[in-house]
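Single chain ahead, written as structure tokens, the form predicted alone.
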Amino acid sequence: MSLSPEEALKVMEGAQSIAIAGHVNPDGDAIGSALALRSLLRALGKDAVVLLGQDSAAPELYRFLPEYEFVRASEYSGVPDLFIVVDASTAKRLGTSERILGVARDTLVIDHHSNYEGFANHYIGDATAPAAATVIWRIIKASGIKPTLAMATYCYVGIMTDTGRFAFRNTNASAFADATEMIGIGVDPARMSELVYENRTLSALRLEALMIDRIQFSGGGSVAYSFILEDDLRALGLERDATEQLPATLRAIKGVEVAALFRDEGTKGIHASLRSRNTFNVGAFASRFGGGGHAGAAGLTLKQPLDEVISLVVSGLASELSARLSAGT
């Protein structure tokens, strides 16, 4: 049972030291949600920090955000009164931040996925919300604190990125309504779009060229897939976040229903980023392999050789698409 924004605020008010964490390899929604919540909590007089569940740096892509500061969870020795998880429905997605679940005096999850696993003492979520930042925005508005430009910027970036610039299937009326409020506070939508989507380096474009050169198809052209190697990133001097926008390029190909980008992460395994058109639910598909996400965007990680993971995932996608076509759904 989800708390209301007011009830979630009461949980937060009962704590003084608060640690916040999103999922490992955070995207714009996890980053924006965590930073917006930290800004609110500090405005409420709380001692709040945002943890990074990995030893690699936070994504360079979002460095333009104000007070872009994090504490590596592996170096955090505190015992917070409250540990808040944002944009993660499973504990295993927390990376090195998962340890804090066992030491914090109280725990709260703020999320918008449909498969929350119930690993915290308290939960506020909405599977119809376009982003976790949507839920954070509701909490901010319920707090009585006047939203600052920084809070609005963080939440806007969260919603903008999780809806693919307000184009993905999870885009709904609340996304536009909230964005309108944020713009009214001073967020510049053109500038935000430029900084996230039109601020790529030449190396990032060369990485996309590599991906495009490797594109293959299955299922009569309904599935497009490609891959990125660790050596590709190393040779181009790029971090993992440079691949964040690449699956959308695959999905943009005419006739493609599902796109899959496979990324070699060394000892961590092979990560598959999935994107879909129309009604195919890649979140449900990914969950069968221990992954998850949304109907239109999801991911999974398997510790098998790259060619085996590609074969397993692509054949599964093509088979399910074929079955749906035969059934007329």
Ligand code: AMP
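Note that the coordinates shown come from a computational prediction; the quantities given were computed from them, not determined experimentally. Residue indices: 1-based, along the sequence shown.
Heads up, the form predicted in complex with adenosine monophosphate (AMP) isn't pictured, but that's what we're talking about next.
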| query | finding |
| --- | --- |
| Listed residue (52, 40, 300, 260) with a non-hydrogen atom within 4.5 angstroms of adenosine monophosphate (AMP) in the predicted complex | 300 |
| Contact test in the predicted complex: residue 276 vs adenosine monophosphate (AMP), heavy atoms, 4.5 Å | no |
| Partner proximity in the predicted complex: residue 93 to adenosine monophosphate (AMP), non-hydrogen atom cutoff 4.5 Å | yes |
| Residue 113 within 4.5 Å of adenosine monophosphate (AMP) in the predicted complex, heavy atoms | yes |
| Residue 272, heavy atom within 4.5 angstroms of adenosine monophosphate (AMP) in the predicted complex | yes |
| Interface stretch in the predicted complex with adenosine monophosphate (AMP) - options 287-295, 52-60, 32-40, 65-73, non-hydrogen atom within 4.5 Å | 287-295 |
